[in-house]
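A single chain, nothing else alongside it, follows as structure tokens in the form predicted on its own.
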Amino acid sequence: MDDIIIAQNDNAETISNINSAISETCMVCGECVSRCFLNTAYPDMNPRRLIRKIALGRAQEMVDSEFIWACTLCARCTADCPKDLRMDAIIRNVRGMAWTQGKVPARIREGIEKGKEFGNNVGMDSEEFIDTAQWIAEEMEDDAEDLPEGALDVPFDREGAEIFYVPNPREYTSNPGMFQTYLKFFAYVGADWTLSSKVFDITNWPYYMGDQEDAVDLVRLMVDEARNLGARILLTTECGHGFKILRKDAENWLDEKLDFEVLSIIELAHRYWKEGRIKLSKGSVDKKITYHDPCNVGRKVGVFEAPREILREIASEFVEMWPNRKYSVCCGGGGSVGQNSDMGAKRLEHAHYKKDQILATGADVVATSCQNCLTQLGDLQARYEMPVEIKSVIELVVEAIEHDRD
């Protein structure tokens, strides 16, 4: 199913492609049904029914259904599909049909249009980005007493830097504290890194819509810039789908091998720790911590153990959610759902399974490694007044390094 490409100018061809692929493969076994966290929210719809409607030529019913916008593309439902159908690919194709018919949530359309014009979904130009990044760094001066002069300077367009870091726009808009966390991490490890003044958005909103042409264009921009800078590592922020696309899809989409490494920030932190470039204070976080597996980082890419090894090192106690890893329950905010204002509070109501899963651990802190998950879990915590903190793994890493340096 991942090989089906949306025909942006031909709905009939798209529908035919999807119908044919599903009709020839789906066994109607029902393996997918019980794994969808939306079952209670949409009692008249589930993954199996969706597939059958499409196979029977009733795809337009799905185009007109809220279900395709509530789906987070988490792929838990088809993680063990005996025919290897991928629900995330199917939903993206149906959304692509909605896209060609103009039936797309306004906020998502706005973000995609800004991405086409500016290269980022918030509509920020290069000059404003540079000024904003430098201002955020300057706000950290009081926290830099134990660092060499200039350690928190923000480098731009440095050719030959080992690491080309591509942030999530939330880091320089709504959540600058995360950008500061990354600056501290780079400073503590003495990283040889750079930002680009031209390419500074790891997200790929056209991907959400099955808009393959524009999704590929965004990947091309990042790949070309990594090569222009001569970077050996393209480092992704904690953005699940952006990381997954670069790690798993880019070579296939571009039909070429990448001549640099794609790493998530958690993988880099884990590597530096294992190599001895940083030392984490064992048990320095005197709290019970659990870890939420982001669907893209975990189930789709397979990064399971690195964040757990780090958390076991720095937490006084680490406890697993159940189920976890490949079968982790989605937080409810991925796949554009968190960015879709039309969903309103529904995305939090739909996530009651995740809420119950968190509370069952008895944890004090829920750590994760995806910006979408951080936002969704934070909103979930506030909505249900859960007695937990929501933290990124890299935040906890930086706290442990700081404690070690005291």
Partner chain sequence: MPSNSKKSAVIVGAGIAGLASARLLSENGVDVTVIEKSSGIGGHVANWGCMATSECQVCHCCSLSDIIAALDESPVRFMTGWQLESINTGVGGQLSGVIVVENESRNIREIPADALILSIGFETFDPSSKGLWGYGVLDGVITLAEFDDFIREDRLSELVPDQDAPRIAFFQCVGSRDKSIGANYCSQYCCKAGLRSAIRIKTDKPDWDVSLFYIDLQVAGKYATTLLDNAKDLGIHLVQGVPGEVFPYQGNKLGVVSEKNGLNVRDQFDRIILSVGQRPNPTAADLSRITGVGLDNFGFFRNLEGLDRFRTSEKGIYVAGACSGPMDIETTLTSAEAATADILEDLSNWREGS
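In this text, all values refer to a predicted model and were calculated from it rather than measured experimentally. Numbering follows the first chain given and starts at 1.
Not on display, but discussed next: the form predicted in complex with its partner chain.
Heavy atoms within 4.5 Å of its partner chain in the predicted complex map, among the stretches 32-40, 58-66, 338-346, 372-380, onto 32-40 alone. The candidate site formed by 135, 179 and 279 is entirely out of contact with its partner chain in the predicted complex, as no residue has a non-hydrogen atom within 4.5 angstroms of it. Here is the short version: of 227, 83, 103, 274, the single residue with a heavy atom within 4.5 Å of its partner chain in the predicted complex is 83. A single residue from the set 95, 170, 76, 292 has any heavy atom within 4.5 angstroms of its partner chain in the predicted complex; that residue is 76. Its partner chain in the predicted complex comes within 4.5 Å of a heavy atom belonging to residue 46. In the predicted complex, no heavy atom of residue 283 sits within 4.5 Å of its partner chain. Although the partner is absent here, residue 323 lies within 4.5 Å of its partner chain in the predicted complex, judged by heavy atoms.
In the predicted complex, none of the heavy atoms of residue 360 sits within 4.5 Å of a heavy atom of its partner chain.
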